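Only one chain is shown below, in structure tokens, and it's the form predicted alone.
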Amino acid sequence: MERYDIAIIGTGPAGLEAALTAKVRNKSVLLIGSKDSSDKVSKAHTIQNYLGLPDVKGDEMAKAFLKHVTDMGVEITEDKINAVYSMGQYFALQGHNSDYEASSVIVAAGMSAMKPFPGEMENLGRGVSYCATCDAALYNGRTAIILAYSPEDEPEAEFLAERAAKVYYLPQYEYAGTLGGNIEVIKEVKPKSIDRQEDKSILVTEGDTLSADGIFILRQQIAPSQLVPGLTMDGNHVQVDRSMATNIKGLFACGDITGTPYQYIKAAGEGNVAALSAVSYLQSNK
């Protein structure tokens, strides 16, 4: 498996700037995220405080960011990272589509607006997971619940259903799909909490409970404390120093994930600092 110098999670202003800076410093870069960059940027009406781009519309800014990255030869790998593990001399990244390795990591995944359900964190790894395709082999002949937040999650349910005896699919979006077979679609159900009773995972909803061998929560974003085991948080934000270093050696964070102000220019600046710090970290390890 190829081991990159720097893996960057997130393709908003912080992640893109970190990738550019790392590329300029001749480091091998794995940039993971959406090829459309950030919805937060592209949907902005007008930005007035980004130096050199006065009164720029959000979609124009997003296009300019992506063009700059493309022109520099940086490629975006479209995947969703479920977990990042420090292995001592390198990091292992578990993605939906593949696994990756990097000598250092920069987390620039933005802020997740969703809070964990009561009982979610307590049962993480004990019936609660974030990747149905990753754990599908564990569900041969078993039952599972999928909390889905996008139509993109439907193929993941189909993949799991090839192995599981029964899959309960609870779309938290306007469902118009055609899932069938051993997949039971349960619409307009609002999850409240998660429990573990004996060897079963229990999803408590507004009006009922649902029992299965496991529960998969397929959010588009994963809270950083769930993404990186052992990461020190400051409230809902990742705790960093002025070099954008976290408490985990070789792992840096930048952008909205590190706290206010939630400004594009602040995010890009932190991305630059995080990349320079990662380069220094790599150099010190030689």
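We number the residues from 1 along the sequence you see. Since this is a predicted model, take the numbers as computed values, not measurements.
Absent from the display: the form predicted together with a small molecule. The rest refers to it.
At a distance of at most 4.5 angstroms from the small molecule in the predicted bound form, none of the three residues Tyr4, Ser104 and Ala274 contributes a non-hydrogen atom. In summary, among the residues Ala132, Ile194, Ala148, Ile81, the only one with a non-hydrogen atom within 4.5 Å of the small molecule in the predicted bound form is Ile81.
Contact annotation: Ala109 falls within 4.5 Å of the small molecule in the predicted bound form, judged by heavy atom distances. At a distance threshold of 4.5 angstroms between non-hydrogen atoms, Lys27 is out of contact with the small molecule in the predicted bound form.
In the predicted bound form, at least one heavy atom of Gln221 sits within 4.5 Å of the small molecule. With a 4.5 Å cutoff on heavy atoms, Ile47 counts as touching the small molecule in the predicted bound form. The stretch that touches the small molecule in the predicted bound form, counting heavy atoms within 4.5 Å, is 28-36, out of 28-36, 231-239, 244-252, 66-74.
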